[in-house]
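Next up: just one chain, as structure tokens, the form predicted on its own.
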């Protein structure tokens, strides 16, 4: 029964997010939907960057690949199920290619490699005008029967992504990723196939990011390269760090601060990035384990005071 409690908590959070989404006005519903879609994308990043401790800066590219793959599938007459499968598969294939090249690298070299790939994807989306229409972007056909369906699909997807990370954290792969994060040399010494473990974590991260891309394409109705440039990958990494890397609810909390605060304040993109940077610096200095880590520390302190 103890193992079920985290999933019960995630279900309660999911239900609360759905109730809030359908009850607030259009502006706040849009902000909340963006937070929840980012929760899906950053939950994927939480696998490799949180559980595995590797600085992946390419999640924005996976997000964009999923968005464009699903949009192009719908434009060419496929239904949303097929478009979703193609989005996840295309992002997963990209993750596999990156992993095969960079899974044997470590630390900053891994981060630099993923950043480079994010730049390449942004350039392709901008310059392959015959396919992507370049900076003008694409109009995305709506693949659902009604707009109301997105009101439950988005919170359910966010909850499912959180539950998936919870399940992965207790799986064999999750334990291996945590071992790699703790000490990669020791992990290799005790027989953990570190390169394959990082490769698997990156592919799973990419697939979840691709699914989030399908969601944002459906929600926005239009997509363009500026939504998925290399800056987005970095900001997603910041969101995971702010929320608490490796914490199941970290992506939700981090996305609420990194996406929600600038959106609620209706800040221009440049000012919004400045606010994101300030939040990141404050959290890193004051609470190195992120906001969820800080909450855990407070809870432990209160328990010690009671005893």
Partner chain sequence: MLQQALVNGVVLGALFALLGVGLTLVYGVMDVPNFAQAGVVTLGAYIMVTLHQAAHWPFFLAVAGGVVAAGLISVATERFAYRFVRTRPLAAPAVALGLLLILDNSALELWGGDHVSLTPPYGAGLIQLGGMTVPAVGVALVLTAAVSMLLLWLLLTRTGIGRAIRAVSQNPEAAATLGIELERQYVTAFFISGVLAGLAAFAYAPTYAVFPYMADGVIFDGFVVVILGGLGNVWGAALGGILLGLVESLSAVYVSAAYQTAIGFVVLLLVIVLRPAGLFATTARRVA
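Numbering follows the first chain given and starts at 1. Values in this document were obtained by computation on a predicted structure and should not be read as measured data.
Here the subject shifts to the form predicted in complex with the partner chain, a form of this protein not shown in this document.
S.K.: Would you kindly say which of 85, 156, 112, 192 lies with a heavy atom within 4.5 Å of the partner chain in the predicted bound form?
M.R.: None of the others qualify; the residue that does is 112.
S.K.: If the cut-off is 4.5 angstroms on heavy atoms, which of these, 108, 170, 146, 79, is the one near the partner chain in the predicted bound form?
M.R.: After the contact test, the surviving option is 108.
S.K.: Quick check on residue 276: any heavy atom within 4.5 Å of the partner chain in the predicted bound form?
M.R.: Result yes; residue 276 sits at the interface with the partner chain in the predicted bound form.
S.K.: Any of the heavy atoms of residue 166 lying within 4.5 Å of the partner chain in the predicted bound form?
M.R.: Output for residue 166 is no: heavy atoms all beyond 4.5 Å of the partner chain.
S.K.: Does the partner chain get within 4.5 angstroms of any non-hydrogen atom of residue 280 in the predicted bound form?
M.R.: Residue-level check for residue 280: yes, a contact with the partner chain.
S.K.: Quick check on residue 16: any heavy atom within 4.5 Å of the partner chain in the predicted bound form?
M.R.: Residue 16: no, not in contact with the partner chain in the predicted bound form.
S.K.: Pick from 64-72, 247-255, 268-276, 25-33: which stretch has non-hydrogen atoms within 4.5 Å of the partner chain in the predicted bound form?
M.R.: Residues of 268-276 come within 4.5 Å of the partner.
S.K.: Going by the partner chain in the predicted bound form, which residues of 103-139 come within 4.5 Å of it through any heavy atom?
M.R.: Result: 105, 108, 109, 112, 113, 115, 116, 117, 119, 120, 123, 124, 127, 128.
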